[in-house]
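What follows is one chain in structure tokens, specifically the form predicted on its own.
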């Protein structure tokens, strides 16, 4: 198994701690006046999502997580499981809705996403940073409400609920940031 020396530590590194994969989300190098340099890391468990802090001394090493990332295409869901297909091998994967978390709200049939595998099992699904989705339902704007920052709820074609500006109507296509769930812009009018 490969490993990383402290001099190779950086954000985004995937490592194994206690036989579980972790993602290094933050790394800080500290050189005290006396003694060895210390590498302060913040690591996110890729299976459970909890975050831990660990310190390493200069010269320490940590095992690399042997994860694979594949571009897959979202096919469909049966409201309990979401189905994906590897575009190269045509292998299909079924992933439980609870495992997906909020990602399922942004997936549209035929959309390409990144799936990370560890020991042959999917451990994370990453939707594109921004998605363009059609507004299925929203209330009409209140007459005379011309303030630019007025927001109203809207239901998108994937079932996601978001807040959009008052000028958005049913049938409009809007761009949404999948990390925050925030409206970015109107792409096209109905």
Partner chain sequence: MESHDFRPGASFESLRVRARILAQTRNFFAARGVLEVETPLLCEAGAVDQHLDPILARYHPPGSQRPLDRWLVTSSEHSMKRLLAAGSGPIYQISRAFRDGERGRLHNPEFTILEWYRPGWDHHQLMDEVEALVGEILRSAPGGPRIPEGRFDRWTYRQAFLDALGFDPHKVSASDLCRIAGLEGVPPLPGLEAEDRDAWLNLLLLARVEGTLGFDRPAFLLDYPPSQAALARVRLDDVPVAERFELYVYGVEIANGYHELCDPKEQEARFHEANRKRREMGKAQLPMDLRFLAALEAGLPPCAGVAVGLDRVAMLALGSSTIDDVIAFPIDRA
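Residue numbers count along the first chain shown, from 1. For clarity, every value in this text was computed on a predicted model and none was experimentally measured.
As for the form predicted in complex with the partner chain, it is not shown, yet the points below apply to it.
Chemist: Taking 4.5 Å between heavy atoms as the contact cutoff, choose which of 44, 40, 134, 152 touches the partner chain in the predicted bound form.
Modeler: Exactly one residue meets the criterion: 40.
Chemist: Among 161, 139, 68, 28, which has at least one heavy atom within 4.5 Å of the partner chain in the predicted bound form?
Modeler: Residue within 4.5 Å of the partner: 28.
Chemist: Check residue 55 for me: does it contact the partner chain in the predicted bound form (non-hydrogen atoms, 4.5 angstroms)?
Modeler: Residue 55: contacts the partner chain in the predicted bound form.
Chemist: Would residue 60 show up as a contact with the partner chain in the predicted bound form if we use heavy atoms at 4.5 Å?
Modeler: Residue 60: yes, in contact with the partner chain in the predicted bound form.
Chemist: With the partner left out here, check for me: in the predicted bound form, does some heavy atom of residue 130 sit within 4.5 Å of the partner chain?
Modeler: Because no heavy atom of residue 130 falls inside 4.5 Å of the partner chain in the predicted bound form, the answer is no.
Chemist: At the 4.5 Å heavy atom threshold, is residue 49 in contact with the partner chain in the predicted bound form?
Modeler: Output for residue 49 is no: heavy atoms all beyond 4.5 Å of the partner chain.
Chemist: Residue by residue through 19-37, which ones have a non-hydrogen atom no more than 4.5 angstroms from the partner chain in the predicted bound form?
Modeler: Read in sequence order, the residues that approach the partner chain (within 4.5 Å, in the predicted bound form) are 28, 29, 30, 31, 32, 33, 34, 35, 36.
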